[in-house]
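As structure tokens, one chain now follows by itself in the form predicted on its own.
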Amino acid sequence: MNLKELAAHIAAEFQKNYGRAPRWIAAAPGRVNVIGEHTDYNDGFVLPMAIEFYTVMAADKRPDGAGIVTLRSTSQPDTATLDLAQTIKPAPPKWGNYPRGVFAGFQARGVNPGGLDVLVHSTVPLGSGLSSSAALEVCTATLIEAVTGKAIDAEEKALLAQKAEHDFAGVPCGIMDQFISALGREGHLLLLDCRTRKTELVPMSDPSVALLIINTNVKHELSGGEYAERRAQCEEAAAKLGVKSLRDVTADQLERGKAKLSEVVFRRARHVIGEIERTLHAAEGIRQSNWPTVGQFMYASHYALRDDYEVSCPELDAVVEIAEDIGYKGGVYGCRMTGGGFGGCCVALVKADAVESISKKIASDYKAKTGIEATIFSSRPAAGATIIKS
């Protein structure tokens, strides 16, 4: 569904739930990271895009005038409530803590939207690494802006949403997901410098290409704290090389300092330093519509994530191998895992007129290799958070 259809759908659902029409409707998109993986906590660059899958929220003032917010979801059985007269704290149900944290962020700024009845609906696939949580947070903030008429700076909104995830959901996420959901623009990717928070819109309006998102429908449960371990290894490399973060190290400097690092820590650093460089080169390739070059950087990113960073898995590797087999002649420029790893999604840069044939081929070959059905969809770069009805 496009945004107009989603707005009509949630308005009808709100009417069913609350017996009246909503006064406000807001939306915020999920995202896919085109390139720049595990660079964010190393002060590097990322290149995400907003996708055409959204969280939408509809709201109206409570008829009884009470300062209570009631949050219902079309996909969750439990209702969340919060009292705006009290200090807002985390509470069950779990899903309600994402919007709860955003209301708390506005409360801390002295902004009170008053009692509301709210309904949430999302087309962002849950648990697929496409940032359904950031979409929910940024959508909540955008809804509060609509209700109060008090807009805040888009960057401040993204940081408020990130803080909500840290403090209320207990997830120490970086800034990428909230930034692209808040600042995304149709037909553009967002080059984000995670050190300075400086953003640059990178046009991607060439109708001859599209991005395919292939959900492996696999998430490997890991017991060894792999993410924390990777982060610690990066910090160890930076300390031994005498810099604040791996952002400050060139490939030559890493090579010269190789003797100071264990073999594993060297490989972790090699991925990060290479990935920061690949991300900047890929952004330049996209600006010039040099799709074969962008595709090669995507493949190189995947190999480094697989071999040096060791965060891939057999299912992600299978998708990339299938994409390589289809190749440039079959319409695939490049493919890589996207997100934290160990499952989730791959992203492929493909010729727009071959989307259907490529999707069918990947789906059938992936099923044959793994026995698992993949979920595949294409997206153009979508708009960021928006108020649909105010």
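Computed from a predicted model, the values in this text were never measured in an experiment. Residues carry their position along the shown sequence, with the first being 1.
Keep in mind that the form predicted together with alpha-D-galactopyranose (GLA) is not shown, yet the notes after this line are about it.
Peer 1: Indicate whether residue 125 is a 4.5 Å heavy atom neighbour of alpha-D-galactopyranose (GLA) in the predicted complex.
Peer 2: Answer no; every heavy atom of residue 125 is more than 4.5 Å from alpha-D-galactopyranose (GLA) in the predicted complex.
Peer 1: Considering non-hydrogen atoms and a 4.5 Å limit, does alpha-D-galactopyranose (GLA) approach residue 227 in the predicted complex?
Peer 2: Residue 227: contacts alpha-D-galactopyranose (GLA) in the predicted complex.
Peer 1: Indicate whether alpha-D-galactopyranose (GLA) has at least one heavy atom within 4.5 Å of a heavy atom of residue 36 in the predicted complex.
Peer 2: Answer yes; at least one heavy atom of residue 36 falls within 4.5 Å of alpha-D-galactopyranose (GLA) in the predicted complex.
Peer 1: Mark residue 342 yes when one of its heavy atoms lies within 4.5 Å of a heavy atom of alpha-D-galactopyranose (GLA) in the predicted complex, and no otherwise.
Peer 2: Flag for residue 342 set to no.
Peer 1: Since exactly one of 154, 300, 261, 173 fits, which has a heavy atom within 4.5 Å of alpha-D-galactopyranose (GLA) in the predicted complex?
Peer 2: Filtering the options by heavy-atom distance leaves 173.
Peer 1: Only one of 365, 40, 52, 321 comes within 4.5 Å of alpha-D-galactopyranose (GLA) in the predicted complex by heavy atoms, so just point that one out.
Peer 2: Contact residue from the list: 40.
Peer 1: Using a 4.5 Å heavy atom cut-off, which stretch among 22-30, 351-359, 334-342, 57-65 contacts alpha-D-galactopyranose (GLA) in the predicted complex?
Peer 2: Looking at the other structure, the answer is 334-342.
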